[in-house]
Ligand SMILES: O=C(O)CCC(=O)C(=O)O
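Below, in structure tokens: the form predicted on its own, a single chain.
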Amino acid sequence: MEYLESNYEKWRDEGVLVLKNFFSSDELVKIQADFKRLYGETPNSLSHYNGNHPGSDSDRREQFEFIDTLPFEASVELNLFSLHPKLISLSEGLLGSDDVRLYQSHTWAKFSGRANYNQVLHCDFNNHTLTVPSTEVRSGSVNYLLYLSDVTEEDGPFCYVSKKDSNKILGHRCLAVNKTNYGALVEKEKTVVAPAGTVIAYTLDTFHRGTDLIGSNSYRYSMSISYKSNGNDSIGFHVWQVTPARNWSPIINNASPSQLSCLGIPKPGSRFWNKTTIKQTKERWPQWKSDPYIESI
């Protein structure tokens, strides 16, 4: 944590923080095994997601052909990975909040030759908020791109422009580019080539883009994850309870109270919990570990 705390100011100034080997190879074993089972390692060894998420004539649609949303048809470890205690702790530090919420979690696989993954430099605020990024850290969000496979120049690395550079080129906190200044922005672009286990944290007002996979058999496994402070209703992406058909039991039955709170489930001691709500939640999720909630009342 001492190492991470020394980087909070850099993240706020630059807009991006790259933490190589944030997750160890041992922590990734089951995660990578799930990705191989779900997506394969080549376009010809794709899983059932090939049928469930067909591409279209749109380049943008094809870029996101092999992407899925929490919960996943995979191990408990993958289902809880975006709620990893280290990510929660990092989010709390970056946002300056001791109460954070997970509001986006995707698995994402890319394959060379499957689509054109090149993007223009852009900021992500448009599909996270109806307004604009907050000028206050606590009222903003932190977006993560997790590399779950080694990423070289050939494997579609993440590219970005630091906020210090974009401010100089575009003007302070400008969120739009045009033909006149786009070239100057590209000249300041930085590429994140890094091993599996790397975490890239970036803000909603940081210019960044995806790049194409140019290796003959390249693939990239990653996760896109976003956190915000509790009570920040101006930012959102997923409504987790969008349908009762999605299987949340691997998460509900195995997550800690702290992890569940990041999904909006009240912590033990909340006024929400009483004998009735505990009993009925237990009926909905019979293997839910209810002891901390019972003890708190």
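Numbers for residues come from their place in the sequence shown, where the first is 1. Note that the coordinates shown come from a computational prediction; the quantities given were computed from them, not determined experimentally.
One more form of this protein should be noted, the form predicted in complex with this ligand, which is absent from this view; the next part is about it.
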key: Option touching this ligand, based on a heavy atom within 4.5 Å in the model of the complex, out of K190, K86, R209, K168   = R209
query = Between the options A74, V177, V137, L145, which residue brings a heavy atom to within 4.5 Å of this ligand in the model of the complex?
reply = L145
message = Looking at heavy atoms inside 4.5 Å, which stretch does this ligand contact in the model of the complex, given the options 129-137, 91-99, 116-124, 177-185?
response = 116-124
key: Triplet Y103, K228 and W240 all within 4.5 Å of this ligand in the model of the complex via a heavy atom   = no
Heavy atom of F158 within 4.5 Å of this ligand in the model of the complex = yes
query = Does F64 reach this ligand in the model of the complex if we count a contact as any heavy atom within 4.5 Å?
reply = yes
